[in-house]
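As structure tokens, one chain now follows by itself in the form predicted on its own.
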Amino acid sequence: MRLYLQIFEILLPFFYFSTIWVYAKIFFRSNKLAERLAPYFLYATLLSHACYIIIRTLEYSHPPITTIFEILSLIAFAVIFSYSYIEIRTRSKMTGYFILMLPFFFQTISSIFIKELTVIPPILRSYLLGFHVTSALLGYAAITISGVYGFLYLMLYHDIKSSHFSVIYKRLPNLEILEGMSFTATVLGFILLTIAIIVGLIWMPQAVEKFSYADPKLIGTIAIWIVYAIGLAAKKIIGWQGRRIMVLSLIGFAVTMFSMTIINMFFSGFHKFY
């Protein structure tokens, strides 16, 4: 099985690159053949990456969360999974070029540097921990995509307001579709983060000796959840839409990036075990 893992580690960056190339044809050339082929490239890459994660989990008897390079691969999968869901829901392929560069970068770094640890803490072999981490990463991936759509929305909004009709104006979906895509990603991220938080709060106090409700990473994740809860409530109850919601999605994205980088590296407590 390790031979298959090595083959996947070599092929996955090429699968991602090929998929990006097809979506680039759609965005820059409006290529009809590329539009027909894009879903096949997307789902083939998604399925191949899923097989890689399953094989790696079975071969080493633990979820792929023991090193930063395993987690990078899991993040790449989370992004392409979330994007595939959004594309199915919105039926728009014009933003795939921008989104899929993220998993290509993450998986390429993972494929180059990934290796198996010789000694693994017992908790990292827990499949419930794997479910918790995967749910959180899928949620973060959806939020990241929502932030990208928010950024593209504001770029297009600026083009329209300034009457500067660049390639962004000509190729991107209209503001309403971009807002819908961002909202779809936000809802998906909110649901997945909710699942991750619930699993963590129920299971981790029993499984982790140094568990603390004051852990900065836990507080950061709950803060992200609150920001998006406010945004969803404002859209549903107050009727917020358009630029306000997009700015809020970028604020949530900034908080997410701060939690995943600065807090995770320098301030996290019991979350340091992965």
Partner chain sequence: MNIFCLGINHRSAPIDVREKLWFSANEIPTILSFYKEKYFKETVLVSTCNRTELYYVQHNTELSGEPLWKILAQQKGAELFFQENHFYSISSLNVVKHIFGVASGIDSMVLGDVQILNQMKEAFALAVENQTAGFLLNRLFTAAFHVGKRARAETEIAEGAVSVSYAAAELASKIFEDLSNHTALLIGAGETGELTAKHLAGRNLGNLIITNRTRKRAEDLAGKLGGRVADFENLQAELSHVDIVISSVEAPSYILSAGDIRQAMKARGNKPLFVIDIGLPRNIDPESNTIDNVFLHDMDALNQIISINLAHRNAEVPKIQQIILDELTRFKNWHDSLEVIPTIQQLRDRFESIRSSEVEKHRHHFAADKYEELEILTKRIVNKILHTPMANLKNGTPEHSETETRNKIHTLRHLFGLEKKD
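Computed from a predicted structure; not experimentally measured. Residue numbers count along the first chain shown, from 1.
Not on display, but discussed next: the form predicted in complex with the partner chain.
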| query | finding |
| --- | --- |
| Lys170: touches the partner chain in the predicted complex, heavy atom cutoff 4.5 angstroms | yes |
| Phe105 within 4.5 Å of the partner chain in the predicted complex, heavy atoms | no |
| 4.5 angstroms heavy atom contact with the partner chain in the predicted complex for Leu192 | no |
| Contact label in the predicted complex: Asn174 to the partner chain, heavy atom within 4.5 Å | yes |
| Answer option from Ser48, Ser212, Thr57, Ser30, heavy atom within 4.5 Å of the partner chain in the predicted complex | Ser30 |
| One residue of Leu72, Leu156, Val199, Ile114 in contact with the partner chain, assessed in the predicted complex (non-hydrogen atom, 4.5 angstroms) | Leu156 |
| Residue stretch of 49-57, 36-44, 221-229, 242-250 approaching the partner chain in the predicted complex, non-hydrogen atom distance within 4.5 Å | 242-250 |
